[in-house]
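Only one chain comes next, encoded as structure tokens, the form predicted on its own.
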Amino acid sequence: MDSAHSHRRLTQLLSRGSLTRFIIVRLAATGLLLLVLSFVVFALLHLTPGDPARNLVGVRNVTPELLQSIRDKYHLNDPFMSQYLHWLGNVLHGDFGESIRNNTTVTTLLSDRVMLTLQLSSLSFALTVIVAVPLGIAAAWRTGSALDRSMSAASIVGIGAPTYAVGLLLLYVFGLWFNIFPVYGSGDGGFDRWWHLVLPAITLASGLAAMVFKLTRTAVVAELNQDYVAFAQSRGLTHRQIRSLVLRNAMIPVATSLGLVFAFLFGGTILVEVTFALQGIGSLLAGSVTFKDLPVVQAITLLTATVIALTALAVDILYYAVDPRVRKRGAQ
């Protein structure tokens, strides 16, 4: 008894140690990735044609002195590495700089828009899970049926349909034709905000729901073809018991993949926000790239990359927690 207890205790400690080392390595790799990404984006923006100072004053006739003062204010005349190191030093102290386009701090600018993008991503994610996972399970359980064939065909259309085309179609049908949902804007807060986000969320979820459906169906079908299912049937287990075993195993890859789906939603809202005139970080990024607003583009890029990287880390930890095979390999 004591020997068995000691072995279990040792396995737990080794597993925790493996998980701790894994998290530390992944966090270090994430920091390095963000550093490289920030340098690449900064370099690409620096190489693109256009003068941020000239973009700021527009078509007005201005004196060379005014343009020079603007460039001095934003360090636009400094060498490339000096500009990057100056920006990086400020970021390490929590200062993302000031927007060239809006003449306000980047932190303030993002704080007004991140919540909208987060709400849109959350609603799209909820719709994706509620619709795609049950349909994928039902289709897998009835392989070859009319439901399976029709949903598989619909998923192919959903994956291939361009996001902006789906958005424009929904706008025309439910916004203009039936006049059920508002066609643009983000509402006045509260329920009105969520009502304005229904069509954008459906647009964003359409393609992802198709992918999650195919992933869920594939995972369940793979489990149904495992030997343990036939063994369970031969032992006289009920349909409900077998279904519980199959779904518990099939949902492991599905659950971990859903985390990456949410990360993609957060970083992939640009087309939807532009189509529906939503003031989120996606539309802000599109305008900032056109305007060559370096501080804003850098901050949004880092924010999106951080969300994706941390979500991927959380997914790996979840996989480690729910799959005993991974824990066993970690202990060994």
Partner chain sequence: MKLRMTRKPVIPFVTGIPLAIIAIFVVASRWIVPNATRQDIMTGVTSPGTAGHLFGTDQLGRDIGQLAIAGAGSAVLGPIVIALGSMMIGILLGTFAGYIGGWLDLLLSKYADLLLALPTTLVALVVTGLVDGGYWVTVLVLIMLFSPTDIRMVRGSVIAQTGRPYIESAKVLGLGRLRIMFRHILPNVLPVAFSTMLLNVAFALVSMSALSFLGLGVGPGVPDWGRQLSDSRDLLDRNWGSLVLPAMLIIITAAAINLLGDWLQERYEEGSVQR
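Note that the structure is predicted; figures quoted are calculated from it, not measured. Rigid core (definition): largest C-alpha set, two forms, superposition within 1.5 Å. Positions refer to the first chain, counted from 1.
Not pictured, yet referred to below: the form predicted together with the partner chain.
Checking L147, L169, I180, A126 against the partner chain in the predicted bound form, a heavy atom within 4.5 Å turns up for just one residue: L169.
Figure note: of the listed segments 98-106, 195-203, 115-123, 160-168, the one touching the partner chain in the predicted bound form, with heavy atoms no more than 4.5 Å away, is 160-168. Site residues V91, L215 and S257 are none of them in contact with the partner chain in the predicted bound form, judged by any heavy atom within 4.5 Å. Remark: T143 counts among the residues lining the partner chain in the predicted bound form, judged by a heavy atom distance of 4.5 Å or less. Shown alone here, L66 lies farther than 4.5 Å from the partner chain in the predicted bound form, counting heavy atoms only.
Put simply, T301 is close to the partner chain in the predicted bound form: some heavy atom of it is within 4.5 Å. Heavy atoms of I130 never reach within 4.5 Å of the partner chain in the predicted bound form, leaving it off the interface.
Taking the partner chain as it sits in the predicted bound form, the stretch 275-314 comes within 4.5 angstroms of it through a non-hydrogen atom at T275, L285, A286, V289, K292, L294, V297, T301, T304, A305, I308. Annotation for L34: C-alpha shift of 2 angstroms or more between the shown form and the other one, rigid core superposed. The two forms, fitted on the rigid core, differ between the shown form and the other one by 2 Å or more at the CA of L44.
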